[in-house]
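Starting off, we have a lone chain in the form predicted on its own, written out as structure tokens.
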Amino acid sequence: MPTLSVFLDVPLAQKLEGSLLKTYKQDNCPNKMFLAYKVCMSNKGQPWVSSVVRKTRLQIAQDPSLNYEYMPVMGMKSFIQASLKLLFGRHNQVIVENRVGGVHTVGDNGAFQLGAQFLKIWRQDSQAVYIISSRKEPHGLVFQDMGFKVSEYSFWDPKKLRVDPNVLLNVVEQAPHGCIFVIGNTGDCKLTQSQWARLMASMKRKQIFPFFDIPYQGLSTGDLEEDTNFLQYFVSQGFEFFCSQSLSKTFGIYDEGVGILVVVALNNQLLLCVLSQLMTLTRALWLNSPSRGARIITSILCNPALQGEWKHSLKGLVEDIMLTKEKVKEKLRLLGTPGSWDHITDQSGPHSYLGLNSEQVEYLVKEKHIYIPKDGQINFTCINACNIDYITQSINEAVLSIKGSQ
């Protein structure tokens, strides 16, 4: 008699965004291109890695003093401290007052998983989560799986081809009292002083709990402090909050994803209570975080010379991204492509919107074998001297063939 499988009723899950990469790999066209990599790419078409990381990795591998023991449950203490100083600044009031701490996590998604677990237990009256970012984030899946009611919004206005900071203000004013507010990718969301004051007042009045996402500090503007300046508004107004801080992209350590769940509390006693509960949850989730990526980052951040070298390479990467965007815009202008393409250079960071509609995106994929997401947000580090002419000519052809975006 045949044995029935316990998995008999398990259906296939819906295809994830990774199916675009799968389709690209199955394409036999010699001119095919993939412009949706999550990682930053070098001019040679390989994942970008800071030169100082390669050097530090070798030094660590040859260090005889390392015993490769399991990390503590909280993770590598020196890594957490160095990361917090990078995020807030060495002399920030939350560091001086000893009311900020963190837990070393498995990548940035690990920070959201840990934070969501904590909020599910300790904020049972706040089960509504609002996620607002300039792009589609995976965090919604984390909160949904834990039973939260999730609403997602985007800063990007596809009709006006710009980031609209009013979206953030409007969503906060519509959100219910005591909800959790996940704010990610704020690089292009420039609020005025009056808008910041309005936002702070609304969030305080409604007792909204902020949960920030810092996925690539320094990659938006090239200035590490400028990219996190917005946190100072919340610190100065006495907010308590969580923050997912990931440094994998800014160092080029993609396959050894390390992150931190940052906790800011009103005082040290409250901070210690929260961290103790997070450690209890960490034991159940992954027990010990991987150490090699954290060791590399800590070695660089704690050595002034190495940190200076890393900052220089990071600034060079950002300058290359800005130059690529300028070249793309200028080539489209010279081709006479209809519409204004200023929105390309108005956006910061490696991932930016082209401003194409879904039909034009489909045209690029099917007719030109240029693979980009349906929303038209591409990774500009995938564009280099070898492919920029083909890409811009293809965009021009798509816009002329299918009008409607500009």
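All residue numbers refer to positions in the sequence shown, first residue = 1. All figures in this text were calculated on a predicted structure; none of them were measured in a lab.
Missing here is the form predicted together with another copy of the chain; even so, the following discussion is about that form.
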Inset, instruction - Assess the spot marked by 43, 301 and 323: is another copy of the chain within 4.5 Å of a heavy atom from every one of these residues in the predicted complex? - result: no
Inset, instruction - Could you check which residue among 230, 181, 88, 254 gets a heavy atom within 4.5 Å of another copy of the chain in the predicted complex? - result: 254
Legend entry - Contact residue in the predicted complex, chosen from 195, 280, 78, 93 - any heavy atom within 4.5 Å of another copy of the chain: 280
Legend entry - 4.5 Å heavy atom contact, residue 128 and another copy of the chain in the predicted complex: no
Inset, instruction - Report yes if any heavy atom of residue 156 sits within 4.5 Å of a heavy atom of another copy of the chain in the predicted complex; otherwise report no. - result: no
Inset, instruction - May I ask you to state whether residue 176 is within 4.5 Å of another copy of the chain in the predicted complex, using heavy atom distances? - result: no
Inset, instruction - Spell out, yes or no, whether the shortest heavy atom distance between residue 292 and another copy of the chain in the predicted complex is within 4.5 Å. - result: yes
Legend entry - Options 222-230, 112-120, 168-176, 325-333; stretch whose heavy atom lies within 4.5 Å of another copy of the chain in the predicted complex: 112-120
Legend entry - Partner contacts for 244-273, taking another copy of the chain in the predicted complex and a 4.5 Å heavy atom cut-off: 249, 252, 253, 254, 255, 256, 257, 263, 264, 265, 266, 270, 272, 273
Legend entry - Change in CA distance between residue 342 and residue 136 in the predicted complex, which is 3 Å or more, as closer or farther: farther
Inset, instruction - Over in the other structure, so in the predicted complex, do residue 394 and residue 136 pull closer or drift farther apart at the C-alpha level? The difference is 3 angstroms or more. - result: farther
